[in-house]
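Next comes just one chain, in structure tokens: the form predicted alone.
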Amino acid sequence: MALITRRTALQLGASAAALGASGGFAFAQSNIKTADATPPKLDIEKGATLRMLRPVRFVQPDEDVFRANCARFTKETGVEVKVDFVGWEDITQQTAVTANTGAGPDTIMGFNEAPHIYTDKLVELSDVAEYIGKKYGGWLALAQKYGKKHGTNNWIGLPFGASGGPLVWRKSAVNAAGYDAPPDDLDKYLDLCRKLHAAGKPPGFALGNAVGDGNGFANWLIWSHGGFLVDEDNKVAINRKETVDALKYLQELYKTFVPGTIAWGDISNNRAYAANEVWLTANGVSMYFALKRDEKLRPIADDTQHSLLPKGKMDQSPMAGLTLNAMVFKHSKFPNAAKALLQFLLEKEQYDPWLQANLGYWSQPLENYSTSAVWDSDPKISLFKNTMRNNFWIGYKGPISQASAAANADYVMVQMCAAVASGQSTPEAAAAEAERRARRFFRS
């Protein structure tokens, strides 16, 4: 997909009200409240230098402001920081290599449950987390779930934000189908998709091995019907009536999709939506801004709306935001410097400009950042503000663990859904196969 330039970001995401900010950007003034909090005593090691690894940006200003913030840390502390941005499909593998070899970056921003896989290889971050949490109104639900080691108050990760993947839809098409917006009721939602398909304006959702979109759709499908991969006791529970019902629903829903979604990756629906091939999908806010900045595609942006995925049988829309989760490795020679860097990046002087630069792509993990000016910059992105208030996570309902991370990385849920959608398996057989595959990781 097209990426947003620095110039465009200023046009789209920031107002004329300026505060001096990172890397030459000007940002709107935010009213970020703070409470009195005593920062931890972090004696930065003499001669410290740091290397950080994190996923590549989806919008260009993310990288620009992040680098500028790290440069400011260097200016204030004398600690040189090298940041490497790597592909989303590569970050998990490189994290594993780093953990298993005991060499490489001092700190990595991985996805979701990454710190929970390598707990014994990581430096505890509770002192930083408690200070930042107290100062900025507390950590939101999803941040606490991914930040704390299960069953404890010990922080092993510092979530920096989550990317939501709600419904993205063309208002003209949905209205013409007789709906003001996509409904929460699953039967009515299926009816909408059938009508869109009949009108030649079909929906489309990724069923390929896509880190964000594939997992997001498969999890929503199962959760919205009351199913889950494992229960609260970490016992595999995917092979149950709720799952089979969800897969039978998928058989009907898939008939309405544009062809080819079985092979879709994370960028596929962006292209299809921009080409008027798909009129209802799920995506982060980056797609909307890419459309908005392209004069030829601006009419699509003007017709685009966002809403949460249908609740189905749940009390809230079952969506697990894709979370950036920072960790510090024990092999680092400079753990205090690494912790100081993460703390510095989460302070409002650095964090709010970065949040604004992302134009709503990453949603804040801390309560008080919900008043960032970014959420007033465009009414169509306000929905993304609450991404980290959601009570669903990868591996729901079980504890976040190495097993849940492995099952997610192995696309157990996604491939179960794809097998049914493609006609290669019945719902019953697919649920049984997912159970078999999951047991390899959970050993239950």
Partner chain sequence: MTDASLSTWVHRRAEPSWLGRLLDSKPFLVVVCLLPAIGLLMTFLTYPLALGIYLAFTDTTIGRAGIWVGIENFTYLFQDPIFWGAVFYSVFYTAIATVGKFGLGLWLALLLNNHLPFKSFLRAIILLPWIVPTVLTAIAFWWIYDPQFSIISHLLIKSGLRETNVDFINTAWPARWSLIAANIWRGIPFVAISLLAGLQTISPSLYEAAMLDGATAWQRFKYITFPMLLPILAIVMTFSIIFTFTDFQLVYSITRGGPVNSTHLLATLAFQRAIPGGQLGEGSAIAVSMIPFLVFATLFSYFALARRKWQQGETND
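The structure displayed is predicted, hence computed values, not measured ones. Residue numbers count along the first chain shown, from 1. Superpose the two forms; the largest set of C-alphas matching within 1.5 Å is the rigid core.
Below, we turn to the form predicted in complex with its partner chain, even though it does not appear here.
- Note on the partner interface in the predicted complex: the residue among 234, 368, 209, 343 having a heavy atom within 4.5 angstroms of its partner chain is 209.
- Checked against its partner chain in the predicted complex, the residues 184, 277, 303, 347 give one hit for a heavy atom within 4.5 Å, which is 277.
- Partner contact region in the predicted complex: 398-406, out of 60-68, 43-51, 379-387, 398-406, criterion any non-hydrogen atom within 4.5 Å of its partner chain.
- Looking at residue 418, you'd find a heavy atom of it within 4.5 angstroms of its partner chain in the predicted complex.
- Interface residue remark: residue 139 is not counted as part of the site for its partner chain in the predicted complex, having no heavy atom within 4.5 Å.
- When contacts are judged by a 4.5 Å heavy atom cut-off, residue 260 counts as touching its partner chain in the predicted complex.
- Within this chain, residue 316 is remote from the site of its partner chain in the predicted complex, having no heavy atom within 4.5 Å.
- Heavy atoms closer than or equal to 4.5 Å to its partner chain in the predicted complex belong, across 100-135, to the residues 100, 117, 118, ordered by sequence position.
- Shown in the overlay between the shown form and the other one, fitted on the rigid core, is a CA shift at residue 249 smaller than 2 Å.
- Shown in the overlay between the shown form and the other one, fitted on the rigid core, is a CA shift at residue 295 smaller than 2 Å.
- After superposition on the rigid core, the Cα of residue 121 moves by 2 Å or more between the shown form and the other one.
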